[in-house]
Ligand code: ADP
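Presented below, as structure tokens, is a lone chain in the form predicted alone.
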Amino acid sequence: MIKVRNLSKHFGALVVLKDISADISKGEIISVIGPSGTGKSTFIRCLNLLETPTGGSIFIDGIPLLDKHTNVPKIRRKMGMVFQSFNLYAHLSVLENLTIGPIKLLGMKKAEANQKAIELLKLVGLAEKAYSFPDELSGGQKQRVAIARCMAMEPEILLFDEPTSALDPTMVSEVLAVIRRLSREGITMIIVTHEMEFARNISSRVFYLDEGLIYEEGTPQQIFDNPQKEKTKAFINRIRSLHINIASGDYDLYAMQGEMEAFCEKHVVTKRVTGYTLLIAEEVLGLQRDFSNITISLSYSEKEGNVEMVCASAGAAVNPLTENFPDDEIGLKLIRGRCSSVEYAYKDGKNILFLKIKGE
């Protein structure tokens, strides 16, 4: 359905896409993953000419998209695109957002367009919001309306540009659930996403973009469980981290906890585990004797779903986990009670605590 050959895109001297070639069959669901700034969004924007490629060729159902004789608006009608920022018409109701395209571009009668719009709103769980305006909706609801609006144009291809990146973590799941449901309709989808588990579960193939090209591609099992190239391995198995430095006993506990809470929220860590994390950090600092050089690091492994904490403090070797450490017995019990493992080491002149926080 889609054939891309030697696609490139330059923004002045900046080369974003170098040499992308791909074949995508009807009904396939392609997840496009990779580090920020590697051209993922530019790639799918080139597919419907929201960005004009610098070089290469794109064929949609055998029709050369970049040929000057091609009816581009007609080809574009085969594609729907869902953006990060919804792009709904604020002055129109939800129902009007869905019907304006079919009426004006497809020549559909208003009654027919309204009926179809209501059916699509039922599909995304928002029929009761038909006469609401976008400002009355949550972020997740706006994105579901945006998806329904795309479907109203009867596309054969759906392009998703990080559809959950602008959402509160609590709203991500409702949008992903709608995309999962659409995946059963046989529509060809290309999804730029940072939701790795979602990409693993929904995709027929995964493209890993790096260095301006499709650096590695394969089934979800191949890419997520057995990547072949080093950069893919580093990306898939990456550990996301937060580092907080403390240089005084007068540190700002609340600012530190705020950073940790934001970190946990970003990675959709549950409220219980987030609470454990904040408590453990406070109790670990309560065990310290020298505050001149302390680093607390939080790590989140997306693949394993684990939160780990490392506290490194300068000074002579003092193990707070031993029975003869008198300072805070209650704090130590709290730490052990909310961690699945707690270990101590003295290395390079630093006392280091390794703590693995209990999950659900």
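Note that this is a predicted model, so its numbers are computed, not measured. So that there is no doubt, residue numbering starts at 1 and follows the sequence shown.
Although not depicted, the form predicted together with adenosine-5'-diphosphate (ADP) is the subject of the following passage.
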Please pick out the stretch from 312-320, 31-39, 59-67, 291-299 that is in contact with adenosine-5'-diphosphate (ADP) in the predicted bound form, where contact means heavy atoms within 4.5 Å. 31-39
Should the three residues Glu96, Phe133 and Leu137 be counted as contacting adenosine-5'-diphosphate (ADP) in the predicted bound form, with contact defined as a heavy atom within 4.5 Å for each? no
Is there any non-hydrogen atom of Tyr344 lying within 4.5 Å of adenosine-5'-diphosphate (ADP) in the predicted bound form? no
In the predicted bound form, is there a heavy atom of adenosine-5'-diphosphate (ADP) that lies within 4.5 Å of any heavy atom of Cys339, even though the partner is absent here? no
Glu51 near adenosine-5'-diphosphate (ADP) in the predicted bound form, any heavy atom under 4.5 Å? yes
Val16 near adenosine-5'-diphosphate (ADP) in the predicted bound form, any heavy atom under 4.5 Å? yes
